[in-house]
Structure formats: structure tokens, C-alpha cells
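Only one chain is included here, represented as C-alpha cells and corresponding to the form predicted on its own.
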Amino acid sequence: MGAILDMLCSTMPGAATLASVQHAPAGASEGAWWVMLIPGLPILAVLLVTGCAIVDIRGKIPAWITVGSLAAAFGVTLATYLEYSGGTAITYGFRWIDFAWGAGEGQRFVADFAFYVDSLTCLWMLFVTGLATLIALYASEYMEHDIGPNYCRFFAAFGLFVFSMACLVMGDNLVLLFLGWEGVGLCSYLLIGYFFKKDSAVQAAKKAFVMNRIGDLGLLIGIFLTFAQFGTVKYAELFELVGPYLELVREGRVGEVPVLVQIIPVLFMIGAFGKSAQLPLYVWLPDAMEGPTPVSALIHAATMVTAGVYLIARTYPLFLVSGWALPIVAWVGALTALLSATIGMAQFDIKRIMAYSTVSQLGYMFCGLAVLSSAGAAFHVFTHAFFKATLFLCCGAVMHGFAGQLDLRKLSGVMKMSGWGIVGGAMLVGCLNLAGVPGTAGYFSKDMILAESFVTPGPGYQAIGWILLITAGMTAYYTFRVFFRVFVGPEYFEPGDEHHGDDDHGHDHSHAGGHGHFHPHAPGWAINLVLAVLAVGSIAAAGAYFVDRGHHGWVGGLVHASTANYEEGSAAFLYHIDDSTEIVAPVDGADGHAEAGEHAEDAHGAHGTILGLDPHAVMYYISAVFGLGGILAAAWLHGPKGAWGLGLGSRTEAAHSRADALMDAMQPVARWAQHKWYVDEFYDFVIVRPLRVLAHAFHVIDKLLVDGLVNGVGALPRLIASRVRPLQSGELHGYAAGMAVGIAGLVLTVWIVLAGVSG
């Protein structure tokens, strides 16, 4: 495919020399010009869809334009990956920012519109463009009720998001990354608030925008300090300059790394926490479910929320020379995973349950990076993108077909209804992966992180390992709580708030609850096709674990060849918690995750254990026990009566199950979890209300003092003018009287003066 694109290059004047505008730095080669098409095709789609809105096209043409352009972008990404032969390639578009304020070193700021292509770039863009194409196809049917200007508006924002994500992932410098970073934030705001006449959607959009800005401030300050310290924002130059500090870390001289260098990744971490919804900046993502379901699947499950993970992976060398950043990432990730799981267990809105699950799984990914399993973190990003997109889109299909109904207490047996078999099957595949059932992709990616959390001797990392294991069991429980309540059991449904009359598509379910003339409509070919492809992709993703076993799978091999491979800096910063700690070299060249029996005796003695056993040897079994235990608990509490012949389930109706009595017994904890531990209320009380009071106080000061002073100065001329104005009445007798009074006053004044002189 790359050869074909190069042949096309000859027909485009000037395109052949596009990549030679600038020369690649040492250690990097000049990339192919057609890499520019990856972000170029989505922005072209935005322009074409905007044209459709201008000429008022009412049809699915905007959807087909978007699907076609994204599919082409995926094809170019695939060609880039197939042509990739290792190392780093930089494709230059044009000189974007270039200014100098002196001739000395560090007195010139350069940020090109150029793309940095390595194996990590290929990995991220493959699933970004691939999933975007599928979700756009899904949205072509899901959003068809809004065909017209709003349909164009949706797909224009959709294409702009993919363009922004491409700039974020592919940019060769931190400024271009920040452009994409802000772009996806803007598109998130536009898409979450798509239903702008709905107050909850507007509030959710504003909340997402504000929370992301808090994190973005940290990232922006980090970029400023990066230039101040290193004199560049280009990755190729930056990583070369970080090299000496990595050498200090390898030698155990972490204390000699400048404080500013160690602070920079902490600031990057704050930006990552905002974009990837980690404590304390996570509360925007569950509310983002107010946007259309395709938005939830693309932005808030598979792509945008992984931007924080990508940022840390891309700048991993910087994180490796900081003694503070990765330990903070580890603890924040673990606590976020646990807290979100407890909330997800108590929710009834199936879309919000998946949202809290996303927050929890992002915590896993951050922990993977922090415990030096960068391959495990990237693999979990890859597998999660497939199975979580599947889960969100299945929930969206249910919402679409049942008039917006998402309450698991008002749905049951959906999988058995006519036309819902593909949705039910895809949902089962997604649930198995999210629960970490042995043999699934989610099982393998979680296991890599779990095992390494016990192996890496960071500050309290054993406790983090147990937190993640407990979270795995809770995840399996709430995942199958949704499946058992909604997709199996007695057939029952209640239409949601979007039901405005008969929705008869030929399905007779009048017996299922007696809901008048409402009949749920099963999804069409586009939704079913996308769900089937994603389900197959979720299953096939497990196979990536067995490719290139030397680096723990296909994804591990890509990570090993990128800046996210920690071998470049070793793990000395974690092993050197104090100067007396002995340096222990990494066990493996990829991420330290070695197979059972591969440890040397001395290396194994320095590594952590779980229950006195080698985590790499037993984690497969321990994680399986936690996952299957969570599923059995869900079957016991929520499973339908007599469904499997094991006597587990007892549910005979949609609204009630054994869990009701358990929830009553666990009060008030259960109520707190249902109310999301009152975190939003806490933020409102501690931050929002004081700021509102302060704002009102400043408003009063501004109105009375500032405006009062300005208005007073302005009132003085008006006062004088109001007194003088009557003298200019235009009446002759008035002027005569004025002159008489003036003459009398003048005579009186002269008389007084003369009398005073003579006296």
C-alpha cells in the first residue's frame, strides 16, 4: 500500500518534496509524505460535511463522507505500520512556529507542524482510526433521527475530533500535542452538549470543559518548563537531552537529577489525570454520558480518555528520571480504580455503570505504567478500546430501541427478544473481556499489570497489587450484574422518557409488561454489523498476546521499540528509594514481565511475591479466581431463576433480586455508593459555593467601588452641565435678566473691592 501511495505522489505537484521541507534530526529518518493524509482526510471530511450543512443536504451523505474519509485514514495508518521498519521517522508538513529573541542557545522557539512516527504512534493510530471508522458507521444509523443540520453538526465535530486526536498522537513536539489535546477537549465539549436544549447535557459539557482545563493548566506549565530546562519541545531532541539524566538514574545517582527535571513529569501527570479522568479530576466522565452513545464509545471509552496514558507513555524517559511522578501515578491509579468500582456496583443506569468502569480501567492503565509494565498498560489500552466500545455501543443499541431506557430494573430478557441476538452476543463478549475471564484479551492485559504490581518494589506497591485484585473481582461483579439483569431472564421492558407514541416495527412484546402500543425496535444492519465486527475484534485481540512472546505479545513488541520501553532508563529510581538500596536490573528487556522459571536466583530474591509465590507464575490463577468469583456473586444475586440448572439465580422479575436485601443490610454505605460517595456534593460545597460567594463579593466591590468611582467621575461633568444648561434656554428676556444680574454682581464686586482698599 505504501508503494501505491508513493506512486500517487508523482501525480501531486510538490507532494514528493513535502517531507524534505526540514531535515530530520540525528537518530531519526525522514518519513513518507502520505503520513500527512492521516490527519488530512478527517479534516477534509469536516470541510465537506460543513458544505453539506451550508447547502442544507438532508440525508446520510455527511455520514458516508465521514465513514469513507476515516476508513481511508485507517488504510493510510495501516500502510504506515506495514512500511515501518523500526526507529523513528519524522514527516514535516510546514514551519508552524519559529521565532527568536536572541542569538544565544535556548533563545529560539521552534515547533513544526510535523509528525513523529514510531511503533507507539502506529499502535495508537491503528485503533483510533479503525474504531473511529466503525463508530461513525454505527452513528450513521443511531443519529438518523436527527438528519439535517444537526446531523451535519454531529459528523463535523466527529471528524474534527479524529483530526485533533491524530495531532495529539502523531505530533513531533509538545506544542502540536497540546494543539490536539485542546482540540479533543473542544470536540468533547461540543459532542457531550450535542443535545443543547437539554439542561443536563449542557451542564455536563461545561463540567467536562472546566475539569479538563484544570488538568490542561498543569500540562501547559510543564511544556513551558520543558523549554526553559531543555531549550526544545521536539521529542527527538528532548529524549536525547534526557539521556544523561537516565545515566544518572542507572548509576543510582537520582539525587543529582535537577529538581526542575523531576517536576516536569509531575505537571504532565496532572494533565494526564484531567484528560483520563483520574482522582481528583474524574467526575466529568460519568456525566459525559449525556452525549449520544457513539460519543461515549469513541471519545470516552476508546480514544480521548487514553490520551493521558499516551502522554505518559510518550514521555516515559522523563517519568523515569523523576523520583516522585510514577509513585504518585501508581497510587492515584489504584485508588481511582477502586473508588470507581465501588460506585459502579451501586448504579442502575447501565451507561453510567460502563462510564465508571472506564474510569476504573484507566486506573489500571496508569498503574501499569507506574509499576513499569508499560507493555501491560499499552496492551490494556488496546484490548479495552475494543471491548469497552462494544459494551457502550450495545448499551446504546438498547437505549435506541427502548426509547432511551437505561435502568436495569426496567429491562430484562433483551437477548431473547426477536432481533436482539447480535446485541446480546456482543454484550456477552464485552462482559467476558471486562470481567477478565481466563482466555480473553482483558484477562491477559490485566494479568500483566497485576503481576508486575507485586514484582516492582515501589513504595507500597504490594498494597496496590491487592487493591487491583479486589477491583478485578468487583469489576466482574458489576459487569455481569448488568448482563444478568438486562439480557437474560424473563422478558420485560418499560419504555424510556423518549417514548412519545407507537413505535411499532413489527415486534410483538405486548405481553412483556403491558406497555400499551409501544414495541421496541431492533437495531438495523449498520449497528449490528459494527457490533459483530467489534465482538470479533475483542476476541481476536487475545491472540495479540501470543505473537512475539519474547516481548509479551504484539503490543509489547511495539512498546519495546518505542520511548515507552523502560529499559532505556532502568528501574533504579524505584529501587533507589534511599541511597542504601541496591540496584536491581530489570528482569526483562520489555517490561519486566517474565514467564515462570525465567528468573535468575538472585534477581528473583529481590522481587516481590504474592502469598510467598512468584507473581508471574501464579497470577494467571489468582486473577482468574477473583474474576470468576465476581461472576458467581453476580449470578447468585442477579441471575434469573433456573437459568443454568445450578440453583444460583432466583430472579423472577426485572425490578427485584436477592441483591435488594443485601443493599438494605449494607445501609448507609450502599446509599453513599449510589450517590457516588457525595464527591460532587463535596466539590460543590468546598470549591463551587465558596467561589460563587467570592464572585458575588467581587461583583459588589466592582459595582459599588470600581464602577462607583468611575461613574462618580463621569457624573461630575453631567452635574455641572445640568446647572449651566438652563442659561442657554433661547429666551430673550431670560438672557436680559441674566445680563442684569451679571452686571449687578460685577458692580457689587467692584464696590466691595474699592471699599476694602479705601478702608
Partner chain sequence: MTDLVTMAQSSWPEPMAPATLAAYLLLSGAMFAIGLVGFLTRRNLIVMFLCTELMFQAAGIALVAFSRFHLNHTGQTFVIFVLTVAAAEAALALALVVLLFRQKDSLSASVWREMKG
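Numbering follows the first chain given and starts at 1. Predicted model, so just to flag it, every value in this text is computed and none were measured.
Below: the form predicted together with its partner chain, not depicted.
Although the partner is absent here, D56 lies well away from its partner chain in the predicted bound form, with no heavy atom inside 4.5 Å. By the criterion of a heavy atom within 4.5 Å, E731 is counted among the residues contacting its partner chain in the predicted bound form. Shown without its partner, the chain has H733, Y735, A736, A737, A740 in segment 733-747 as residues with a non-hydrogen atom within 4.5 angstroms of its partner chain in the predicted bound form.
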